Ligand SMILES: Cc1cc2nc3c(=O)[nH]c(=O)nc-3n(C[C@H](O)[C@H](O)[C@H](O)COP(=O)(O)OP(=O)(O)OC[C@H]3O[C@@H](n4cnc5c(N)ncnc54)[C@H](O)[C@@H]3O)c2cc1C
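Here we start with a single chain on its own, the form predicted on its own, put down as structure tokens.
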Amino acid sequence: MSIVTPSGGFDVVIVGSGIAGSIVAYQLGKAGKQVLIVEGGPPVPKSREEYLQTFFTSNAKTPESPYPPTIQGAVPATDDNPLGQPNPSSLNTPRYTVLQINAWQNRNISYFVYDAPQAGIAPDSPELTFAFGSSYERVAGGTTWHWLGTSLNNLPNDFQLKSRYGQGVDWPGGSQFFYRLLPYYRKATEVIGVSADKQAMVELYKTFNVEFSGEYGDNYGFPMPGIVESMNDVLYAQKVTTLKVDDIPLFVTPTPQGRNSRPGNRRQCAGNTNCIPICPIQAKYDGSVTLAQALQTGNVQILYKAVASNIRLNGNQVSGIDYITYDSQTGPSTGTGTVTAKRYVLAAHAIETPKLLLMSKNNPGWPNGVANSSGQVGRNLMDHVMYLAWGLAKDPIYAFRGPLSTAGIEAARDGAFRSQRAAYRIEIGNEGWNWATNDPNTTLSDFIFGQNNTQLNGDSLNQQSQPLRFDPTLPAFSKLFGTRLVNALNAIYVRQLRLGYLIEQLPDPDNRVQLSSLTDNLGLPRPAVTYRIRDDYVRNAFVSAKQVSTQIFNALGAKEYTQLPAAVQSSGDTVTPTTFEYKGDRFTFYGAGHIIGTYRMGTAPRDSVLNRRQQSWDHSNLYMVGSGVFPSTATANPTLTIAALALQAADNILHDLG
């Protein structure tokens, strides 16, 4: 679309059109402010059928598989690149994908550039480096295209981790930050259209001594009733109440969801388990919903396929954003430009935002980049590192139906234990062993070709020394066909259970995004990423999660199939990406898709990038939004907090504009 500059110029330029950028744009547009969004990716397609078709024809059904630029079949397949993943240096908007994790040391595949692990480093060393576990999108609407939909508040103690438990850092103002954010949490549920069981949430928060009152308490309701729980959820709810973690009783809570439980402005959820990577009917909210609302105000314009490349300064004030345009993903740049406004907002998430700040190092007096007098830009990269456990239920629970998760066990999100180990929430998966073993494919292959990758068709024992062959009347490594194959698969798939522990990670300044010497097709630096899990605080949570999983599966009468990871390889051609040893055991972590930190808020300019208003300490007309502003990961999936903070930032910007 062509851009028409208003007679008085733009009030605000926003870089990025994901949920955070779109919310800020919509709030400002409704208030009559003139807004321009600079988006590096392509527009939202007129029909999501285009993305669905790409997903259907992809060999690997990953979170990024529907979205451009294509991540499979881009180049001829080779032994070290069997899916034909593109070279990031050939793309104008490359991004990090989960397919790149196992190829993290191959710079012709991985967008992130990593140093090789230290030769001979011990597998239990805190200095062992890893591949980062989470990915993102660079398209209009952003990463919420493939988010799970979980819409939980953080807890007051999440904001005062240092002062309450002596770990990590506090958010500015500690627990008061929660109460200042509470009205925006409520507003965010309206923006997303959250479906939730209010009474269940009231009961949950009471266990954490959180008593809401007044407008934000009993008088408040969620926009839609909760999503119907799965049979999977019901089984856990019946059985886990006999258990405790660190003397905290366990119970199941239905999860607030960013998807319609009944028809509204969008369609009602029809239970498609492939809502990661894409909801085929847009029952699930994504950022394109709010982006469309912003554009409909008539005060918001957007420039697509325009990659922000530099932030200009005039003294201490931002005076413009430079960008580079392109037509096709692998084609040459088609032009450059600069956009100007009274205020600027960076909303390009926790990787591309710090990259842009660090690239902008040619302004006099700012050799380390814009907003970086503290040297904190790019530091404290975090995720909710995940421990996965899986098993088979005694009776069918009919996995692979409904959204990927409709309930969780939230009791271990806070407690006195946080002085010793990280908190976690336990997500109950509805998608069988899809994440854990790439089912239904792997089990099918095992019983057709006589393999045992799932441990269902051989002589395997689990870590509790129980035999795992699914049908003891069949010989090991059976090759089945016809009715016997169908019966075996039907009996297995409907019993598959999966638990995921979202473990909070502490900020570590050495976990960071920097600029590498390698570039993309536009000549912009690719991110150099350093990532470790150093803290015993976090590693102790993996030990706890493993023990609790076994207790839960035992309580369910299920058999656990969680596999012990292969030994860590810290050198050679197959360097292990996400496995470590701790206290004599071996763990693999998974990314939750929650890229956090890298331009955090704080109470002082010496150790943070932003003040509590999400305003740069260094440049008063520059704001940043998204999960990059989080000082710590806290315990909830971050999207509702991202939305609440974006709403809060929009109010701050409106106040400052006058």
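This one's a predicted model, so the numbers in the text were calculated from it and none came from an experiment. Throughout, we count residues from 1 along the sequence that is shown.
Separately, the form predicted together with the ligand exists; it is not shown, and the next lines address it.
**Student:** Looking in the predicted complex, is the ligand within 4.5 Å of a heavy atom from each of R421, G500 and E504?
**Tutor:** No: none of R421, G500 and E504 comes within 4.5 Å of the ligand in the predicted complex.
**Student:** Just one of 49-57, 603-611, 31-39, 616-624 has residues with a heavy atom within 4.5 Å of the ligand in the predicted complex, so point it out.
**Tutor:** Residues of 31-39 come within 4.5 Å of the partner.
**Student:** Would you mind picking the one in V370, A294, A308, I426 that has a heavy atom within 4.5 Å of the ligand in the predicted complex?
**Tutor:** Looking at V370, A294, A308, I426 one by one, just A308 meets the 4.5 Å heavy-atom criterion.
**Student:** Find the only residue in N154, T97, T143, T443 having a heavy atom within 4.5 Å of the ligand in the predicted complex.
**Tutor:** Contact with the ligand in the predicted complex is made by T143 alone.
**Student:** Closest heavy atom of V300 to the ligand in the predicted complex, within 4.5 Å or not?
**Tutor:** Result no; V300 lies far from the ligand in the predicted complex.
**Student:** Is there a heavy atom of P88 no more than 4.5 Å from a heavy atom of the ligand in the predicted complex?
**Tutor:** P88 lies outside the contact set for the ligand.
**Student:** So in the predicted complex, does A592 come within 4.5 Å of the ligand, heavy atom to heavy atom?
**Tutor:** The answer is yes: A592 has a heavy atom within 4.5 Å of the ligand.
**Student:** Contact with the ligand in the predicted complex for F159, defined as at least one heavy atom pair within 4.5 Å: yes or no?
**Tutor:** Taking the distances in the predicted complex, the answer for F159 is no, it never comes within 4.5 Å of the ligand.
**Student:** What residues in 631-657 sit within 4.5 Å of the ligand in the predicted complex, counting heavy atoms only?
**Tutor:** Heavy-atom contacts to the ligand in the predicted complex: N637, P638, T639, L640, I642.
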